[in-house]
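Just one chain follows, in the form predicted on its own, and it is written as structure tokens.
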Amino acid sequence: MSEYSINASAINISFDGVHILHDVDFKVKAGEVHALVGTNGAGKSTLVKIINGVYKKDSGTISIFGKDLEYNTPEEALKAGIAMVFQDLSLIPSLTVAQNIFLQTHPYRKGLLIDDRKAGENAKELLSMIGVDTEISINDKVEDLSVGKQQIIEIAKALSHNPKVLILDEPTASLSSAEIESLFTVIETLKKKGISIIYITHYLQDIFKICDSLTLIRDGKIIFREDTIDINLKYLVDAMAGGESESISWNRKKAMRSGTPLLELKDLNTEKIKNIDLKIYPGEIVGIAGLLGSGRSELLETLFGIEKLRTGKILVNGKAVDISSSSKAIDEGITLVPENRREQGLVLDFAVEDNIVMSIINRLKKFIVVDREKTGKIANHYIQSLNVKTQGPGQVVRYLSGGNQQKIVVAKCLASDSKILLLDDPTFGVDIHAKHEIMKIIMDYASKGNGVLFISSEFKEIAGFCDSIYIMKKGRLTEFLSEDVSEDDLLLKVQ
């Protein structure tokens, strides 16, 4: 039998003519925990989705324990012995642990009925196998369990298929320190049972705690495969950045932090963020550097009235304001460009014009009828000023490119006459030309005395674009930086 549980060789894939993976070789030894590492957009997700059968490769081979296999669906990958636990949990809260574990398969039946007793016995065996049967009862309802225990139930669910290879995608992103240690214990148990684990994370320090080896992927190409004992965190960070971690100059003068802040947060607390103090001054672009699960998106959602504020104050121009809904946020001059533009920022089957004026439609009514002359003027203004590539204000947004869709989301925010713009990864998934156009729009917005709170998965953007930067970890702001920093500096600080 081969020493490798997974041996992917010369894997290539393209989307819409764009080459994403280039002759990728990826190997995982039997019974090892192997990290797949890279920045956002490096190709990690694409590679594991090929291994898991979500995507069909253009060329290359995948062998499982030395046997070449062809499969094109996750179900076929499961039959081949590959299971994946995704970052977003897929449990049904109102069902029990046992019911969730066998939700997809229902293998134990009495005629047409499910044999709950037999399913319970086997669920208990699975929990025992990973060493959590004394902590989690098969009769517990999932909604009563912590996120960490729910993550372990997802693993047990994957193990019900008896996989040889288990892929874990960002498994610690939403866990507490104690829950992470519990998860690591489970991973060690699985490793001893000979199960290979592909471990994907942005928390690089975890790799050196739990992983035997790692593969670094950058720009769709494999850079190296190393045992973790042979490298250190600084070496890995430098390699991820590819020697190009210096700040990009956007030729803009830093805003002065003086006078009354445009936006000030005092001891903000929600379910997911703690003791947040933050200031944005007129003309300032403030960055938040944090890893997935750090609370960065939740902070922006709190400021836009999506997440419920428990305690603390939000001040706009020195005046305390109530932001208990998105409409109240807009009334106070705060708007959000959300992380997922297609699901949260746009109505895809509406026209460009309708999307741009959506948040201010009540301001554009004559009695109860929308003033279409006004909406047309507003839409045309932003189409021209933001250089949106479209057939006109009546074109359906779904058929625009990703970069132009993002411009429409930004236009919707600008149309509301906001003074504070919250940006959650505004350049993610757009081409380089659209990215620079969007950054220019943001710079012009700030130059008019407005304020920007900016999140990006690319720390190079934060380092080179922002006047000042807050570091965020586990729901807290841990450091404030007003001096120039590099991408490397930020990658190390957020760990």
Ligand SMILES: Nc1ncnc2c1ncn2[C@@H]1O[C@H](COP(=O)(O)OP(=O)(O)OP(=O)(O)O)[C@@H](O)[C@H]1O
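Throughout, we count residues from 1 along the sequence that is shown. No experiment lies behind these values; they were computed from the predicted model shown.
What follows is about the form predicted in complex with the ligand, which we do not show.
*Out of 278-286, 328-336, 144-152, 401-409, where are the residues with a heavy atom within 4.5 Å of the ligand in the predicted complex?*
That would be stretch 401-409.
*Examine Tyr55 and determine whether its closest non-hydrogen atom to the ligand in the predicted complex is within 4.5 angstroms.*
Although the ligand is absent here, Tyr55 would touch it in the predicted complex, with heavy atoms inside 4.5 Å.
*Taking heavy atoms and a 4.5 Å cut-off, does Ser45 contact the ligand in the predicted complex?*
Ser45: contacts the ligand in the predicted complex.
*Determine whether any heavy atom of Gly41 comes within 4.5 Å of a heavy atom of the ligand in the predicted complex, and answer yes or no.*
Yes - in the predicted complex, heavy atoms of Gly41 and the ligand come within 4.5 Å of each other.
*With a 4.5 Å heavy atom cut-off, would you call Ile20 a contact of the ligand in the predicted complex?*
Within the cut-off, so yes.
*Which residue among Asp354, Glu307, Asp425, Glu170 has a heavy atom within 4.5 angstroms of the ligand in the predicted complex?*
Only one listed residue qualifies here, and that residue is Glu170.
*Quick one: from His381, Lys164, Lys266, Lys389, grab the residue that has a heavy atom within 4.5 Å of the ligand in the predicted complex.*
Flagged contact: Lys389.
*Answer yes or no: in the predicted complex, does the ligand come within 4.5 Å of a heavy atom in every one of Phe15, His202 and Gln395?*
Yes: Phe15, His202 and Gln395 each sit within 4.5 Å of the ligand in the predicted complex.
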